[in-house]
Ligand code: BDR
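What follows is one chain in structure tokens, specifically the form predicted alone.
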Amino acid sequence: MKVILDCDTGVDDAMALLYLLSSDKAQVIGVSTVFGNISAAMAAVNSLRVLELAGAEGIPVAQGTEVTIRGDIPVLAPHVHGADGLGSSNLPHPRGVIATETGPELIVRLARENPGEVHLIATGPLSNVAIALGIEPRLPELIPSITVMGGAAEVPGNQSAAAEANILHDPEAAQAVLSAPWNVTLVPLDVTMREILTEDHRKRLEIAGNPVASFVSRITDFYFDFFHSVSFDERCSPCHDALAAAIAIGDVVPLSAPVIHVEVDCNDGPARGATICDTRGRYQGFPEQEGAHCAVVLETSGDFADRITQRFVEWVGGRL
């Protein structure tokens, strides 16, 4: 599968990128970056850092938008991901350079060069993807399917009581992307908050003895502190973006992912950014909803943290 990753490369995006690079099911052909966890500019630098750590230089990295599609300046999250976006791990400045094209231009170019062959994985705010749709209205024909980490179907939000961070950063972009005529897989907090990396996983990574596992151990150490303070009774973290990547390439098969209607609240009230997922069919086994094209992942097996840890523990210079 040829993959474009659109991301805001903080801790969990870095893990998603490394997971994709380790798989023989995925060929990452481009990375576009967006504001969110950190600035789009820092996310581009971090993406190059991660690619070089993995021995995957040569994959183009393009910097995308720093503002929402309506022009709002975002509030970033260094308290979650560290001052450098990578758990204050201070990887060396990359040797590679950021592409001259923008993130949305990269998405469009690669889609045109590989019609029908590309899967888009979006693990940050959806601003770049919405801009790309404006550049190339045929994008859903060129890229038939997209996997999005974002939203909260039947659970609380994490950026507000109603909304998940990636969607709340740019609700108008999210609405444009989720309503476009392509097959969407939405991987929301309903499942990402239940796939948990623990201190045991982190220690296994720490002693593995390879650069990737050591790096993931360092960045999750910082990440654990934040989630311990706001979400969990112990030091641990959810598997947000890496779980979405694993679902996208078929490594994780959801136990429940009904195809349902999804709308994004774009009003300026307390529910701004909420993903309104029509799960009313739950009690009838989710009968078909006419015109729906968004598969919302509601349940996974719960063992992904073990699997991704083992993947990185066994890392030997790239794909296993």
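Predicted, not measured: the structure shown is a model, and the values here were computed from it. Numbering starts at 1 and runs along the sequence shown.
Omitted here: the form predicted together with the named molecule. The next part is about that form.
- With the partner omitted here, the stretch from 164 to 172, 203 to 211, 107 to 115, 134 to 142 that lies within 4.5 Å of the named molecule by heavy atoms in the model of the complex is 164 to 172.
- Of the residues 189, 178, 247, 146, just one reaches the named molecule in the model of the complex with a heavy atom at 4.5 Å or closer; this is 189.
- When you look in the model of the complex, the only residue of 198, 158, 217, 89 with a non-hydrogen atom within 4.5 Å of the named molecule is 158.
- Proximity of residue 123 to the named molecule in the model of the complex falls within the 4.5 Å heavy atom cutoff.
- Proximity of residue 46 to the named molecule in the model of the complex falls outside the 4.5 Å heavy atom cutoff.
- The closest non-hydrogen atom of residue 275 lies beyond 4.5 Å of the named molecule in the model of the complex.
- Proximity of residue 32 to the named molecule in the model of the complex falls outside the 4.5 Å heavy atom cutoff.
- Residues of 263 to 282 placing a heavy atom within 4.5 Å of the named molecule in the model of the complex: none.
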